[in-house]
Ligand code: PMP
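Next up: a single chain in structure tokens, the form predicted alone.
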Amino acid sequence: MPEPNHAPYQDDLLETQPPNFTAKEVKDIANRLYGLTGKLSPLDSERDQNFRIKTKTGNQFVIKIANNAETPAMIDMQIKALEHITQTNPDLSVPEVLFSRNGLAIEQVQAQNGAKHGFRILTYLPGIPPKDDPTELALLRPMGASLAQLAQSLRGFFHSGANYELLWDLKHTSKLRQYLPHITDANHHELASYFLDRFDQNVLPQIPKLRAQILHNDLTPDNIIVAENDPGCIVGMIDFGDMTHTLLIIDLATTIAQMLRGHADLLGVAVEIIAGYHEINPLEDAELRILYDLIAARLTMLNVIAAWRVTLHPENREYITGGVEETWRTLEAWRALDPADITKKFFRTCGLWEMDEATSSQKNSNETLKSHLKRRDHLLGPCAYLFYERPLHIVRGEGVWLYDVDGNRYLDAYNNVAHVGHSHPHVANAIAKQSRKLNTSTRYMHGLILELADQITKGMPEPLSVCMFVCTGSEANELAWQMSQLASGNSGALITKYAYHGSSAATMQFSPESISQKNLPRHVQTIFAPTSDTTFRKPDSGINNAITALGEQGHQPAMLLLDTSFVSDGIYTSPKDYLSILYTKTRAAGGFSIADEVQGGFGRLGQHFWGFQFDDVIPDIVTMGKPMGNGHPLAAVVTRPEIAEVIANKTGYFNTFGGNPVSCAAGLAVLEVIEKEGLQQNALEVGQYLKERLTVLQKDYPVIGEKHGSGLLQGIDMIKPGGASDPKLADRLMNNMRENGVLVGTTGPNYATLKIRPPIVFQKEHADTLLDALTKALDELTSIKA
């Protein structure tokens, strides 16, 4: 037997004889350690010994005596998992552990043969087992949904006890071959071999590429409780004994396989369960491609393990071989189905269009980067710009990571669109769920737009209480410009010297990052951002000059439009009184003050949720976009009621897609993630850590100049000896880091500032990875730098 802290070998749990305590011994232990007395009833188990005890007061509990091959760590994992599920999703009903008189969740008890066993008592969930009726279909979709909810509740859970090999985990299907000799029927032996071959060919190579976490791994009808008056209502989930770290799709395949047995319509059963699961926890196409073979692998596993184990435990033959014949019939029927047709139906069930994998793979291998770029230029035109000297062909994102077409992984320290992480499950699920329910024009009433507007305006100072939804930051800034002109009666705009505010016809005029200063129209004047330039220390003179210049061109300011994190100016936050002075001067001249929060809003700056909060000001209008939908096109304008009233009376405003139900679902999900995962605080702490590490790095590399910004929006100036900016070095560093798996950008007046702007789920270990790549790039480039 392995040592207690050692991860057990996969066969130990299935080979070792189960405990064999007498009912009297169990009663004595329950009374001595827990103070429980009552009527004892045995419960079936594969490798443990289980009882139900009913006390005189009517309370019921489950007594579980673990196989002595099951280590304390494994049992502790199951107990901790139940606690985690209760915390993350209280609506899921799972057993609760009863602590002993010694205050322990697990007691060690000794059998007559000297073996020690983990002994624990759990609450007995009310309800009844599901009907043993193969025609009962009401349970199928709820089964998929419950499994998905359970998987989601365990997403953040980890335990060292998960580090063990369990033969019931489909990852280890290939190891069933050693037990095939126990199958004596030639037809059954050939059938099992056929599906093991398919597993090795189709599934085994994909396992390292797919989503995995700690999962139940055995949610079958035997392990659920349903309501007495509603056979389709699952009211409890039990028996976490097969819990392990495995693939999400294996968890689903295990459930489907068990529920196929006894049904005539195998495909109908499978798609119902898949539909219920996918609505809660959307499946990926790579997972769906192997699902047919995983279901077959589970059915095969049931009978191969049964054939082997019955030779080890003949006394438990009835329990072990109870469903063997039915499983063989199901497996034969499953083989008779066309895997391609089945997989296509799986894709349709999930609302996906299946790709021809062979054709796609051949196309990817044949289409070189050069030919891809040529085709892109032809189809998308010369304005479809790309990052980096060697552009990236990205096909997948998860958290702070991006994956290219060749499977290479890149740390994304640049992309603020995926604000709460690429493909965040909560946001993706919200979008998918609402998309399957309703999406339509905003001329119709729906509740989500009010809920999102309420959540956004709650975070704004009074009197900013009216929220108007659009699709992009450019649209938001253009609407703000339209409002400002109509409400002020003026026609001039004030912006910072290197700002970027959008790509529409109007907002492009407010984006000197994209067009040269000399091409700015007569109604636009610039002021300095709060950079290290001493000009910012006297912003009143700067804005006075700009207002005067507007007047000389026949304009008065309708708006002062400021990106409150000044990203294109080099990434800065407002010093005290900077915004206050500018807002006061603008309003005195008849204009409105607009805070553009498209790049820095929603907690990215750490210290504050919005950039304008760095100064004691209240804007007249706030615009937001990019991170608002985590990649879904969603933006908004928040303003005072009287300003909104002006545009309503003079021109009105309508946006077909702005604030549609799916977009609002995405926006609400993003806000929920920011709050529940504490991401503003994370941005503050990780941003401070990054700054501290950069300060240390700066001592060894004099090419690192000033560092500015806040939270997870930071700029690092690259300078030459003497202090002049070095845009060439910044560009080379950016491209060198890209080749080494870390993505950053450049910004500032001449792009000499490295732009660090990752998803705000970025952690300290990711900051270390970024800094290691930066250090390596500095070592490689500054030694040969002219």
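A residue's number is simply how far along the shown sequence it sits, counting from 1. Keep in mind that this is a model prediction, so the values were computed, not measured.
There is another form of this protein, the form predicted together with this ligand, and it is not shown here; the text below is about that form.
The site is open: after superposition of the local C-alphas, no atom of this ligand, taken in the predicted complex, comes within 2.4 Å of this form's backbone or C-beta atoms. Proximity to this ligand in the predicted complex, taken as heavy atoms within 4.5 Å, picks out 494-502 from the listed stretches 479-487, 494-502, 545-553, 168-176. Residue Ser474 is the only one of Gln509, Ser474, Thr71, Ser710 with a heavy atom lying within 4.5 Å of this ligand in the predicted complex.
Residue Gln599 is the only one of Gln613, Thr349, Gln434, Gln599 with a heavy atom lying within 4.5 Å of this ligand in the predicted complex.
Among heavy atoms of Asp620, none comes within 4.5 Å of this ligand in the predicted complex.
A residue is said to contact a partner when one of its heavy atoms sits within 4.5 Å of a partner heavy atom; His216 fails this definition for this ligand in the predicted complex, lying far away. Among residues of the shown chain, Lys626 is one whose heavy atoms approach this ligand to within 4.5 Å in the predicted complex. The closest non-hydrogen atom of Asp412 lies beyond 4.5 Å of this ligand in the predicted complex.
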